[in-house]
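The chain below stands alone and is given as structure tokens, in the form predicted alone.
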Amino acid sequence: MLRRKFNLKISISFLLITVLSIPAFAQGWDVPEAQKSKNSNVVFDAGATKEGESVFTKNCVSCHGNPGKGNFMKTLTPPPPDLAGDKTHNLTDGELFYILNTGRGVMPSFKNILSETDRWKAIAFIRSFHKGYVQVVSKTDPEKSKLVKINVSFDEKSNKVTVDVKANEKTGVVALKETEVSLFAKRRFGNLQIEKSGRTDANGVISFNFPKELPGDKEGNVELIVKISNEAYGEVESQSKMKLGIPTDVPSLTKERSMFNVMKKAPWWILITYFSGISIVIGFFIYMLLNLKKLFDLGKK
């Protein structure tokens, strides 16, 4: 009896969570007003559209399907929209860019997956399905990103990585305040984000708490990747190697036998299983051929 009541409570709780979560998933995107008017420096010409199709196919088509084909993933809740539809057509370029950057639910944030240029090119491809669309190109000079200088330092006492972002303008050095900064440590199978992204202070500076137990190479060096996003200067990335990890002698993937190695360096049990399977299949075919020959010989007699 108690078990039935317990199961009933779980079922009711799950039902309430599901019902209450539907409006949250179904509601529209809350895009800040400042982001809605954002435009691209990338001109949506035939070249950008073609490259955007490649980006879209690799990253978006699995859920959204091919624009205009209606083959989006209908099993998702809520189902992703067909990006050739009116709902997408009525969004500004800035809103589409914000959605790509932010992500929600099962849709990931592509800000740290795709470059700013690739994100705009994906939007160029989407816009090619919207009749009457006229692009408004951003007046921001894309060359301004070359003026940005990112300085990274590490304090052993506090175990903090400090990022200082400045721009070398003709009028002098400008501190890029309120600039979004993301810090990553390069790992073997991808980049590990260090804390959440944050914004620089009035001096263009931000600090991140670095993990004390993070392995480095033999000397303890860790490759750091800093990505910044500024309204006036665009997105800039810098890489540096610093001695702030635990010295670790990690063998290369091709040095020892492992699941991820080439066939010659695969684990023995995989090789034995593989060749045993092939031997059994070949032996079975030989057995069948011998029996067919016996039947053929009997037929002659």
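Residue numbers here begin at 1 and follow the sequence given. Quantities reported herein were computed from a predicted structural model and do not represent experimental measurements.
One more form of this protein should be noted, the form predicted in complex with a small molecule, which is absent from this view; the next part is about it.
Residue heavy atoms within 4.5 Å of the small molecule in the predicted complex occur in exactly one stretch of 268-276, 237-245, 36-44, 53-61, and that stretch is 53-61. At the 4.5 Å threshold, heavy atoms of Arg104 reach the small molecule in the predicted complex. Residue contact check for Pro108: one or more of its heavy atoms lie within 4.5 Å of the small molecule in the predicted complex.
Not displayed here, the small molecule is kept clear of Gly216 by more than 4.5 Å at the level of heavy atoms in the predicted complex. With a 4.5 Å cutoff on heavy atoms, Leu76 counts as touching the small molecule in the predicted complex. For the residues Val163, Leu176, Ile126, Leu224, the 4.5 Å heavy atom test against the small molecule in the predicted complex is passed only by Ile126. Checking Ala185, Leu114, Ile150, Ile206 against the small molecule in the predicted complex, a heavy atom within 4.5 Å turns up for just one residue: Leu114.
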